[in-house]
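The chain below stands alone, shown as structure tokens; this is the form predicted alone.
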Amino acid sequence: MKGMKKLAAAVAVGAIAGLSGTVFAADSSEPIKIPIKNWSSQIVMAHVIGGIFESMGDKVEYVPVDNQASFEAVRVGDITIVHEVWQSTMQNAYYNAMEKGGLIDAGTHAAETLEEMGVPNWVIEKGLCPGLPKWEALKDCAEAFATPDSGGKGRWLEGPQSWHGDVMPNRVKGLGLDDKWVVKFAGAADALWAELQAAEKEGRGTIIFNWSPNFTDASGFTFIEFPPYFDGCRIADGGSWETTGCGSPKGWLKKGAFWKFPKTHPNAYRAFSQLTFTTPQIGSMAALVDVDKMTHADAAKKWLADNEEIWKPWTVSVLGEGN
């Protein structure tokens, strides 16, 4: 399977490289369908990329979609692109869709990713769990993280269960922490940020699921150091209770596209394949919503207006100066 993945990626990269010397017809008048999921950077970036396409004369349609279902959706052409594919939790669905045929690799962002449980820095500064960020500290401080819904145990607040399934409950059990800790699932990403504010105001500890790049990169957040991740350590990947306590890997942030996209919208595809965002750039997109409280669409407009030097070269390389 790994060989097939590498071959599929190589073919896709080769196709992208081969576009550079080609003269293309105009893009189709059909809309480019961009997925809308349920976390801020993904939604703002969707509108940023949509704005870039619109600046090139393309039509755009935004389509709400479940995260895991999005890879099958792009494979069959119900959506055109996926623009924020996180290695640690999405690579299996991404590669499975690629191997079935219909989804092609469209390149990798500059940002390195991490999705993990952690604490705001003030939890460590106040000494609410001595020994953090090492996971072993969690054996002795659960009471400082109890909430009304945790049954007297310390609470881990995960993201929506649709994001990662039972990865975190399995981890708690695998580490032997289930007698002192319980995992609860947030209804949406906004609930994670509301918990950060509430916990600080109440002076209690909080452990939440978070990720980088995100707006919290600037505000101060520390990821817990769990046992190292390795392929197959999680239950869903064939692991055992002895290995499923493993943490999350650092990884890539990829883009993918429906295989017909380079044919129907050659100019937009070339710009999309060149497009790459860094950790600070993605964090700044999310901050416009989660800190500055802008709508996702308005945040994208502001980001595009403030950062033309970043994205304009991708359109100029395709359409030329003056476009």
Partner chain sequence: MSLTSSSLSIKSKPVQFALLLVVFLILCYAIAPADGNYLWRLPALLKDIPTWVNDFVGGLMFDWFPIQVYDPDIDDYESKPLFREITRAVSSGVLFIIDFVRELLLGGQKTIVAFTSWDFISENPWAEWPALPWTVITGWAAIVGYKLQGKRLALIAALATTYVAIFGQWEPSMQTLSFILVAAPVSVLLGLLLGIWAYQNRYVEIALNPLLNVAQTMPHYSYLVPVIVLFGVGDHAAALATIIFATPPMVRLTLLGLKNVPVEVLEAGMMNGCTNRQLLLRVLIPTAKRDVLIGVNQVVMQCLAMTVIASFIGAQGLGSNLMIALNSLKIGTGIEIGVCIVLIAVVLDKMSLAWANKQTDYFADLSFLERHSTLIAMLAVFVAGSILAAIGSFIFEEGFNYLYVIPHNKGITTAPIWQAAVDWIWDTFFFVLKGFNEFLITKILVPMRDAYLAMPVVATFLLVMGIAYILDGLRSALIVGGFLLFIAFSEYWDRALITAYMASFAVIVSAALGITIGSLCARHEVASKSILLVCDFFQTFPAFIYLIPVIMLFGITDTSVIIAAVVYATVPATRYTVEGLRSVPPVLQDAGSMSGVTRLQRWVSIELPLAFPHIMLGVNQTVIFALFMVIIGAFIGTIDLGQMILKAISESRGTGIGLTLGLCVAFIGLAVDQIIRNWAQRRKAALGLA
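Residue numbers count along the first chain shown, from 1. Predicted, not measured: the structure shown is a model, and the values here were computed from it.
Another form exists, predicted in complex with the partner chain; not displayed. Remarks below refer to it.
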{"query": "Partner-contacting position among G220, P130, G232, G187 - heavy atom within 4.5 Å of the partner chain in the predicted complex", "finding": "G187"}
{"query": "I52, V289, L275, A46 - the one with a heavy atom within 4.5 Å of the partner chain in the predicted complex", "finding": "V289"}
{"query": "Contact test, all of V85, E136 and F209, partner the partner chain in the predicted complex, heavy atom 4.5 Å", "finding": "no"}
{"query": "4.5 Å heavy atom contact, K126 and the partner chain in the predicted complex", "finding": "no"}
{"query": "Non-hydrogen atom contact N38 with the partner chain in the predicted complex at 4.5 angstroms", "finding": "yes"}
{"query": "H109: touches the partner chain in the predicted complex, heavy atom cutoff 4.5 angstroms", "finding": "no"}
{"query": "Non-hydrogen atom contact P64 with the partner chain in the predicted complex at 4.5 angstroms", "finding": "yes"}
{"query": "Stretch from 116 to 124, 249 to 257, 67 to 75, 234 to 242 whose residues place a heavy atom within 4.5 Å of the partner chain in the predicted complex", "finding": "67 to 75"}
{"query": "Residues within 4.5 Å of the partner chain in the predicted complex, restricted to 79 to 101 and counted by heavy atom", "finding": "A93, N96, K100"}
{"query": "CA-CA separation of D306 and S219, closer or farther in the predicted complex than in the form shown [shift of 3 angstroms or more]", "finding": "farther"}
{"query": "Closer or farther in the predicted complex, the Cα atoms of T279 and S219, when the shift from this form is 3 Å or more", "finding": "farther"}
